[in-house]
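Only one chain is given next, in structure tokens, and it is the form predicted on its own.
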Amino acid sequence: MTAVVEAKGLGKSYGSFRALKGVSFEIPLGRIVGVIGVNGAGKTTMLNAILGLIRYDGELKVLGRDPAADRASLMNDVCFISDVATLPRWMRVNEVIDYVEGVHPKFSRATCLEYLGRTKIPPTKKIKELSKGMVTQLHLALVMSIDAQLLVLDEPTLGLDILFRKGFYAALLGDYFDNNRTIIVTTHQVEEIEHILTDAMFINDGEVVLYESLDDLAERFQQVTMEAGKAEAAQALNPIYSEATMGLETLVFDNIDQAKLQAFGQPRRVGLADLFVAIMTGADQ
């Protein structure tokens, strides 16, 4: 399987602070990877390294190129949307389209106009006159009209209402993604993107603590909710996390046979947000 991103011992320090601590991973072609971590965990630093925006320690290849040394050529095949609008506020919508068409060899004006035709964005309005949701829609239309192999999204729907957020990811999945493209996305709204992800990467304190496909995570981790009286016996199976609520206790288990868990209740799949909390918090609270 072709690797779009290959990192070996990737590190980054800001003075005495180590934002990334020698992480190693590979992201294959045709995957949607959710990078999940608390503020300051190292997510944005990792994305900035992939985008060639910062210098770093270790080895990093993106589409077979060094992003720091070959950023100009790499940006022909990589697109990026951040949590803040990066479009020039003084330009009009149609002027932005003209500009991107003029500078990017893989941009399709017809595709962009098709996407924008589904929105209420006035083509003659200035960017500064658009709502945050409209700016995000415009940015997405521009990006989806570029024949790029890698799309990097850093909190792309921050501050948008739920209808815009759902529409954003529906367009991304339905109109853009295919097996010849890879998407890396960070967000704090984990529940809203879980259904589109193929893989999840948990980052904590500059280290990758978990990186697996969602299918493997569903098989590996199970949770069981039981009466508090049964929880003491279940502790013998070494749960990685437990939470007591209203006389019931929910325990999360890693690689425990379902037959053993059924003695205490019905095992259920652990949602990605709950799994993140379980792994970050640990069994001892």
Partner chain sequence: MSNTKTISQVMARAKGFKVPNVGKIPTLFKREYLDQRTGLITMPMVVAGLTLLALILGLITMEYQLGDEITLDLGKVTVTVDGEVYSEADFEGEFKGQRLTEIMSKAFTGAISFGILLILPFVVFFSLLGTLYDDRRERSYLFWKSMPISDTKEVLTKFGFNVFAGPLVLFTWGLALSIVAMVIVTPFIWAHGGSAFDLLWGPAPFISMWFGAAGTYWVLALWILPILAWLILASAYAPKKPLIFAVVPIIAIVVAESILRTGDSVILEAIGSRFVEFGYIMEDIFDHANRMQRDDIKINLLRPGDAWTALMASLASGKFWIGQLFTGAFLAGAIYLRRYKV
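Positions refer to the first chain, counted from 1. This one's a predicted model, so the numbers in the text were calculated from it and none came from an experiment.
FYI, the form predicted in complex with the partner chain isn't displayed, but the following is about it.
K.L.:
Please determine whether each residue of K132, A200 and E212 possesses a non-hydrogen atom within 4.5 angstroms of the partner chain in the model of the complex.
P.N.:
Verified in the model of the complex; spot residues all out of contact, no.
K.L.:
Can you pick the stretch from 183 to 191, 203 to 211, 170 to 178, 89 to 97 whose heavy atoms fall within 4.5 Å of the partner chain in the model of the complex?
P.N.:
Of the options, only 89 to 97 has residues within 4.5 Å of the partner.
K.L.:
Here the chain is shown alone; which of A259, M246, A69, A233 has a heavy atom within 4.5 Å of the partner chain in the model of the complex?
P.N.:
It is A69 that has a heavy atom within 4.5 Å of the partner.
K.L.:
Out of H104, R118, K125, K166, which one falls within 4.5 Å of the partner chain in the model of the complex, going by heavy atoms?
P.N.:
The residue in contact is H104.
K.L.:
Although the partner isn't part of this model, could you tell me whether L47 comes within 4.5 Å of the partner chain in the model of the complex, counting any heavy atom of the residue?
P.N.:
It does not: once the partner chain is placed as it appears in the model of the complex, L47 has no heavy atom within 4.5 Å of it.
K.L.:
Check whether I196 has any heavy atom within 4.5 Å of a heavy atom of the partner chain in the model of the complex, and answer yes or no.
P.N.:
No, I196 is distant from the partner.
K.L.:
Since only the chain is shown here, I'm wondering whether A218 would be in contact with the partner chain in the model of the complex (any heavy atom pair within 4.5 Å).
P.N.:
Looking in the model of the complex, residue contacts with the partner chain do not include A218, since no heavy atom lies within 4.5 Å.
K.L.:
Going by a heavy atom distance of 4.5 Å, is A148 a contact of the partner chain in the model of the complex?
P.N.:
It does not: once the partner chain is placed as it appears in the model of the complex, A148 has no heavy atom within 4.5 Å of it.
K.L.:
What are the residues of 26 to 57, in order along the chain, with a heavy atom within 4.5 Å of the partner chain in the model of the complex?
P.N.:
Stretch hits, in order: N48, L53, I54, R55.
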